[in-house]
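In structure tokens, one chain follows: the form predicted on its own.
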Amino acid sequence: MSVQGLSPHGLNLKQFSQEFRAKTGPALLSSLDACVRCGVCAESCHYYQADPRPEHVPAYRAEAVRRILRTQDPWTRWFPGWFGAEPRRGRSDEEMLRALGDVIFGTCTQCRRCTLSCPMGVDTGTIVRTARGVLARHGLIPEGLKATVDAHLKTGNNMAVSREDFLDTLQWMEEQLQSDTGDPQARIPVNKQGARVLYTLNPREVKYFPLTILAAAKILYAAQEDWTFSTEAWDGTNYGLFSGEDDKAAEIARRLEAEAVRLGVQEVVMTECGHGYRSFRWEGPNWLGHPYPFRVRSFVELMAEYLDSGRIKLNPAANSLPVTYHDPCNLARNGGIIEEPRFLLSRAVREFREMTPNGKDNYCCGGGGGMLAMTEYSQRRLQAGQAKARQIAASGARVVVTSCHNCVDQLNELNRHYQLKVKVHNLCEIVADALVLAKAQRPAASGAAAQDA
């Protein structure tokens, strides 16, 4: 199978090698050559766990890139196999690059679990992303992933939600917030100049999961936060991280930065989106070439701060079913947010059960790396989720909580495909349902409980 993208516009092996090396610093080039082919990384990969073939060993992906690069070494012209170059076997440059694209787009979520297990520290996820960026620049990219990035650049969000639909959804949720709290003055503010916090969303929340907007609004209301949405830059996602296109990823980050500066906020809070948090918090300053003039945090961190400082109070009796937590790769392993969700769940649910392994060692659910946008790989994606499905089943939990909308979508598909018989929710829904509000307020189930009803 090869990537069914656009024409690669004459990209050849020489040009790919030149552009890859130009995008890659000395550290990554050294990492590329550091692999000793020990195979330790194999068991770390959810693709290999589900289907233990050589093609699913993480080292194979880095090797696929390395073998293309070595076709340009002068001594490989006559004896490519001796020097680790990819043999032609009668294939054109385009055929060889499409085969490479199938490996780097179709068998890796860039979760970087393999890097933790590698004795040489080979960063396969970054190698894969860099190779994706070169291919994508020349149109060799799955159409769904390309369309998602392009929609964000064209419309301001990756699902092309109109301004009118966005505002209508916020108005609907504001009315529900007033009903749930018993406070007719409760607001979901928009474009508020000088607010302390600018809160972002995943377009899935506007289009399919508006109750997560309500859950977040209830928490911000209970904490008496000074916050706002923006109509100009409200999408916290950035699929440029997955396509490898640094220029497009930087433009998406620049727009959010510019809006935060325009509104004069002190902090940008990213909704529960693993890659969105990693993209803006950790990668954005590198793409833009400067630090932000404001703080960036995940909503998970902000909720934990509210709870720790007493700004919100929770009643665990509101969530009585056994709960387990799935660590999003880009929030935990690639973002360092591990203890905060567990602190919140320790106060928000009656019974919490850990999956094994967890935290930075968690198995990827299979929904990262842009996989949900690449429909040609949907069967591989579901198969690769076997490791996570086994973990969930072994936990005995009835509710799976996570902090990422890509993870929520993938976990819901795994739930149906493997018949796990669980409920899947974002963390903010569980926290919102456990909120203890003032006597004057009349709380009603707005998140997990409402969807479970």
Partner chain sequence: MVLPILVAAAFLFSLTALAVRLRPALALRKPDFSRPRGSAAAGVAYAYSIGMLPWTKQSGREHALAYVRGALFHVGIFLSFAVLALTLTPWLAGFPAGQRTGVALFLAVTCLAGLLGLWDRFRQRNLRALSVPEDYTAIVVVAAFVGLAAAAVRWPGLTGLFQAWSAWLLLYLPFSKLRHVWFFFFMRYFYGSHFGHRGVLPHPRMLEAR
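Positions refer to the first chain, counted from 1. Note that the structure is a prediction, hence the values are computed from the model and not measured.
One more form of this protein should be noted, the form predicted in complex with the partner chain, which is absent from this view; the next part is about it.
(Q) Quick check on this chain: which one of Lys248, Arg132, Arg278, His326 has a heavy atom within 4.5 Å of the partner chain in the predicted complex? (A) Contact check passes for Arg278.
Q. Quick one: of Asp308, Glu94, Glu351, Asp226, which gets a non-hydrogen atom within 4.5 angstroms of the partner chain in the predicted complex?
A. Exactly one listed residue reaches within 4.5 Å, namely Asp308.
(Q) Residue-level contact is defined here as any heavy atom of the residue lying within 4.5 Å of the partner chain in the predicted complex; does Ala304 satisfy this criterion? (A) So Ala304 counts as contacting the partner chain.
Q.
When the contact criterion is heavy atoms within 4.5 Å, does Tyr48 count as touching the partner chain in the predicted complex?
A. Within the cut-off, so yes.
Q. Is there a heavy atom of Gly396 no more than 4.5 Å from a heavy atom of the partner chain in the predicted complex?
A. Gly396: no contact with the partner chain in the predicted complex.
Q.
Taking the partner chain as it sits in the predicted complex, is Lys154 in contact with it (heavy atom to heavy atom, 4.5 Å or less)?
A. Contact check for Lys154: no, nothing within 4.5 Å of the partner chain in the predicted complex.
Q: Heavy atoms, 4.5 Å, the partner chain in the predicted complex: which of 249-257, 359-367, 181-189, 318-326 makes the cut? Say which one.
A: Of the stretches listed, the one contacting the partner is 359-367.
(Q) in the predicted complex, does each of Glu174, Ser230 and Ser346 have a heavy atom within 4.5 Å of the partner chain? (A) No, the whole trio is out of contact, none within 4.5 Å by any heavy atom.
Q: Can you tell me which bits of 23-46 touch the partner chain in the predicted complex, meaning any heavy atom within 4.5 Å?
A: Residues within 4.5 Å: Lys23, Thr24, Gly25, Pro26, Ala27, Leu29, Ser30, Ser31, Asp33, Ala34, Val36, Arg37, Cys38, Gly39, Val40, Ala42, Glu43, Ser44.
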